[in-house]
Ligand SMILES: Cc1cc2nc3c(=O)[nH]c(=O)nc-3n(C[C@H](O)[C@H](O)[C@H](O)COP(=O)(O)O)c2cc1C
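Okay, so here's just one chain, in structure tokens, the form predicted alone.
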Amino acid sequence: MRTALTDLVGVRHPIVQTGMGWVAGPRLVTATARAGALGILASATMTPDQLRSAVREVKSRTDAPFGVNLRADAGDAPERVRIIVEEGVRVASFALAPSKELIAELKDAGVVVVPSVGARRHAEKVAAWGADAVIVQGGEGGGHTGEVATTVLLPQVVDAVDIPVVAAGGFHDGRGLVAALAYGAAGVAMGTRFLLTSDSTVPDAVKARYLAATAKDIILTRAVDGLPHRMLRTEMVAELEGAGRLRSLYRALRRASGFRRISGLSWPAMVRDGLAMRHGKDLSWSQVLLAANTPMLLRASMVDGRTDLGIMASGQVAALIEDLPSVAELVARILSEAETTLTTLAAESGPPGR
């Protein structure tokens, strides 16, 4: 299935595995690349040295293109960009819009730049700055997300920019891929669906909790860091939603201390990161600290299996997912479903004038 996305990045299939912190490591990205889709390493939860090591590990296992996701507002973003360029990574994706200068630096080095956006105006901005494509996430998507549904946001962005648009938020099968293409997208990006594969390193008990989730178990909350965050309702989330400011601050300090030890960040650096993630919002100090150490809350679940202590970012499609295929099986299934859907549509439309 050839599209503007496959031509741009050199993959066989118009499917992207998103850069999920603590989830999108070398194993998952390698499996995705081998399956012919675009796998993206999540660098925000890695040190620069770990990132370089992860990139080299993927390159040692496959010659297929892959990408790295990074935060444009991180203090060490220039160092991570240098690693991407030096190691010959094909794609750089961003959770937030990179600067015009950063886009130019990457493009000059031959790296394809694909920011993620949640609004039409953001897509227009990065397109004007030279981004090669955009991933557009509707409100159905997991993690930090907006409130506009994919079916409303996607056609807005497709009509507004002349670069390839990848649809995210609410996709998990071949029918969704066909729908996205019908809207004018060049492919789909999925996080939760790839998290729930046998190639994902997320603990089995955590995967089981995702598989058991119903639509009512997947909520959009501001209790974690003051920003809209879609996730499973866990003990931790319920506690944050019911906690007062002092209690929230105490718990945030404890978790920030743990993340500081793991990441090597100083307290001033953590506060700077937290403030940078406010994006102009009026957040409490507990929310600023939680914003800075959200990776620690994700790690508790995604690495340690402690769903009672962590958060579990999730798209709404978790309510529709019932199995844990390998990535190769998943990609093959999506393509088969897409072909069947297209064939059915062609048959039902019939010859002209019917």
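Don't overthink the numbering: it's just position in the shown sequence, from 1. For clarity, every value in this text was computed on a predicted model and none was experimentally measured.
In what follows, reference is made to the form predicted together with this ligand, a form of this protein that is not presented.
Peer 1: Using a 4.5 Å heavy atom cut-off, which of 214-222, 74-82, 164-172, 98-106 contacts this ligand in the model of the complex?
Peer 2: The contacting stretch here is 164-172.
Peer 1: Can residue 142 be called a contact residue for this ligand in the model of the complex at 4.5 Å between heavy atoms?
Peer 2: Contact with this ligand, yes.
Peer 1: So, in the model of the complex, is residue 35 in contact with this ligand at a 4.5 angstroms heavy atom limit?
Peer 2: Result no; residue 35 lies far from this ligand in the model of the complex.
Peer 1: Can you check whether residue 191 is within 4.5 Å of this ligand in the model of the complex, heavy atom basis?
Peer 2: Answer yes; at least one heavy atom of residue 191 falls within 4.5 Å of this ligand in the model of the complex.
Peer 1: So, residue 195 and this ligand: in the model of the complex, are they within 4.5 Å at any heavy atom pair?
Peer 2: Judged by the heavy-atom cut-off of 4.5 Å, residue 195 is in contact with this ligand in the model of the complex.
Peer 1: Of 300, 64, 317, 51, which one comes within 4.5 Å of this ligand in the model of the complex, counting heavy atoms only?
Peer 2: Filtering the options by heavy-atom distance leaves 317.
Peer 1: Looking at 23, 11, 338, 331, which has any heavy atom no more than 4.5 Å from this ligand in the model of the complex?
Peer 2: That would be 23.
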